[in-house]
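Next up is one chain by itself, shown in structure tokens, the form predicted on its own.
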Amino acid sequence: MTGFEDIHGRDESWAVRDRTAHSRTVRTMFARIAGVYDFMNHLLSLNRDRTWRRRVAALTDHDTTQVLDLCAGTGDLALEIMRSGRGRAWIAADFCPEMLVAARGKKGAEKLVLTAADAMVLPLGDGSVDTVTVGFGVRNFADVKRGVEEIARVLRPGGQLLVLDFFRDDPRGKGQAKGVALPLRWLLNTLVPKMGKLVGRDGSAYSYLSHSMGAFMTPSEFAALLDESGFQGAFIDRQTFGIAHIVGARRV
């Protein structure tokens, strides 16, 4: 059955912790663009985002049962994992209910448990899921370390984490292809906000993409954080010349 966890019905201590300026700003931003989110993703990535999600699905354990797709947005990654035959139950969680509403009309979405929840305080028991995936969401965490630790809490020992995101360029050049980083930076800083304003009617939201990348970790830094936060065996899987990366690891 598909349903929503009422974020306003939770205890006041959770609500106070969640009401940071960053969380409010990001949640409001995604609520504004929920209606054009999928279209803009496909347009701005030239449909490569579909390929990246398929890769995450392919990396998901064949024998996984309970899958949590965190920062699920409109459900595309959760649905891709489901279509790949991985998992038997799929929770699509996001702290922006408007994004989850946009998932409901998609084919197969009736099999997803759509849950409004913040990554900082997940409404799940310890060790309750086998796999956690996060597609383009870790950059939005108010506290990345705390979010990673919360993911570790809900994962069973040996369970896997797969994070797909736009990480900051590695200054040492690791994971980058020559000639790609500079044009990509120009694209993100210049073209993407303009396309967001012209097509998505929200230039500020799409300016956030380049700003959040510049403030985020490199893939190597994020892998190191996983190693320090209850995970082991971290790996980095480059996508499309290093435009995006998948970083994965297993819960100790």
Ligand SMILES: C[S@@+](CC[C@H](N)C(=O)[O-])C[C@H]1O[C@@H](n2cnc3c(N)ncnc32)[C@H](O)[C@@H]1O
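All values derive from a computational prediction rather than experimental measurement. Don't overthink the numbering: it's just position in the shown sequence, from 1.
Below: the form predicted in complex with the named molecule, not depicted.
Task: Heavy atom of residue 90 within 4.5 Å of the named molecule in the predicted bound form - done: Result no; residue 90 lies far from the named molecule in the predicted bound form.
- [ ] Check whether residue 148 has any heavy atom within 4.5 Å of a heavy atom of the named molecule in the predicted bound form, and answer yes or no.
- [x] Result no; residue 148 lies far from the named molecule in the predicted bound form.
- [ ] Although the named molecule is absent from this view, report whether residue 53 comes within 4.5 Å of it in the predicted bound form, heavy atoms only.
- [x] Output for residue 53 is yes: heavy atoms within 4.5 Å of the named molecule.
Open item on the list: My question is simply whether residue 30 lines the interface with the named molecule in the predicted bound form - judged by any non-hydrogen atom within 4.5 Å.
Closed with: Heavy-atom contact with the named molecule at 4.5 Å: present for residue 30.
Task: Among the candidates 103, 129, 72, 163, the residue which, in the predicted bound form, approaches the named molecule to within 4.5 Å (heavy atoms) - done: Looking at 103, 129, 72, 163 one by one, just 72 meets the 4.5 Å heavy-atom criterion.
- [ ] State the residue from 155, 79, 114, 96 whose non-hydrogen atoms include one within 4.5 Å of the named molecule in the predicted bound form.
- [x] When the named molecule is considered in the predicted bound form, the option within 4.5 Å is 96.
TODO: Quick one: name the residues from 122 to 148 with any non-hydrogen atom within 4.5 angstroms of the named molecule in the predicted bound form.
DONE: 135, 136, 137, 140, 141 sit within 4.5 Å of the partner.
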